[in-house]
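Quick heads-up: it's one chain on its own, the form predicted on its own, in structure tokens.
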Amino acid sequence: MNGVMNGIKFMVDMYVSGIVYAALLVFVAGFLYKVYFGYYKTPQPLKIPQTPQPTTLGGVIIRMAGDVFFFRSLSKGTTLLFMAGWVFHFMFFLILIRHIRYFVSSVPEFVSALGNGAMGIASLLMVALIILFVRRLIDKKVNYVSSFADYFALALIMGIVQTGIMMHYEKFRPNIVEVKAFVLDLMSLKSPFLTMIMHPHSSPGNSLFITHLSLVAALLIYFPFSKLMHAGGYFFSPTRNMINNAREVRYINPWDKG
């Protein structure tokens, strides 16, 4: 019986360690490949800034910062979409900061301070996700242009948030000390090689934690091949990053060079 249990524990440890490294490899490689070959290397044959676009580089940077941090362009749409989208992204950002505590030995005070409102942040994030999901179902115009990929991404993130919320309750809560030790072990430079030679680190024996981590890994793997790549593609959009100086500076089509 002990041999069977040890075998199951070994397979679980291999799965958890392996899925983390595989997801990180696919995410980093896929993201960089998409940004470089999909966005950076794509020639822009025309000068097509979205007017009224600033006429200076500083103005373009400020405008893009407004879009990134305050969703300025999205605010021109419906109020519901703007609020739900902004709350979703901002709460998701706070959740990511909150998770820093698992990756460092000494937790910064501002990260610890977020713990007091962790459930509130996660709940707001879930509410925003539900609004965005339901909007795709009941808004005829949005529903018409929505595909399975749109629903899948939202459902995947909702699963991550829901399992995270459940782990706050005593019944489902994993041993935080074991979780942090496991994450710190995975960050060791020799850890990937230990996993490759069938010597994985011991993972927390909590099924909900493993489910949560598996969903996160699935999101990382899916990210480079999905519309979520707008996170990187936005900065290479010619309608956003071009300066409106076509009259002052002649624009040369990159295809005509060399």
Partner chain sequence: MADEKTADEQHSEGSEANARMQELLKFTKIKPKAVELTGKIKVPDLKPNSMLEVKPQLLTVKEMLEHLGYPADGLVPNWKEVFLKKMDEILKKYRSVRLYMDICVKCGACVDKCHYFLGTGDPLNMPVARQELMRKVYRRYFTLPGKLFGSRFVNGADLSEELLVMWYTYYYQCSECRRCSVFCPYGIDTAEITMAAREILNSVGLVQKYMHEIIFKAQTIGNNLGMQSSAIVNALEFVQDDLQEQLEMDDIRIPVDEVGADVLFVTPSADFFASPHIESLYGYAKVFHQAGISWTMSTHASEGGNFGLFIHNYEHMKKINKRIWEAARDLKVKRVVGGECGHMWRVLCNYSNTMWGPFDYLDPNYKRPQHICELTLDLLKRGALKIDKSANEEFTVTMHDSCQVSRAMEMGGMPDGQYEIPRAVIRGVCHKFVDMPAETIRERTFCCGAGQGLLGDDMLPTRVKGAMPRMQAYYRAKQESGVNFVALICAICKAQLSKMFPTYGLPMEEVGGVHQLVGRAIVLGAKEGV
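These figures come from a predicted structure and were not determined experimentally. By rigid core we mean the largest C-alpha set that fits within 1.5 Å across both forms. Positions refer to the first chain, counted from 1.
Quick note: we don't show the form predicted together with its partner chain, though the next part is all about it.
With a 4.5 Å cutoff on heavy atoms, Gln162 does not count as touching its partner chain in the model of the complex; it lies far away. The closest non-hydrogen atom of Gly120 lies beyond 4.5 Å of its partner chain in the model of the complex.
When its partner chain is considered in the model of the complex, Met11 lies well away from it, no heavy atom lying within 4.5 Å.
Thr42 belongs to the set of residues with a heavy atom inside 4.5 Å of its partner chain in the model of the complex.
The three residues Thr55, Val142 and Arg250 all sit with a heavy atom within 4.5 Å of its partner chain in the model of the complex.
Think of it this way: in the model of the complex, its partner chain has a heavy atom of just one of Leu194, Ile48, Ile210, Ala218 within 4.5 Å, and the residue is Ile48. The candidate stretches are 145-153, 181-189, 101-109, 165-173, and the one lying within 4.5 Å of its partner chain in the model of the complex by heavy atoms is 145-153. Although its partner chain is not shown here, in the model of the complex the stretch 219-238 places heavy atoms of Phe225, Ser226, Lys227, Met229, His230, Gly233, Tyr234, Phe236, Ser237, Pro238 within 4.5 Å of it, in sequence order. Comparing the forms between this form and the one not shown, the C-alpha position of Met11 differs by less than 2 angstroms, with the core used for superposition.
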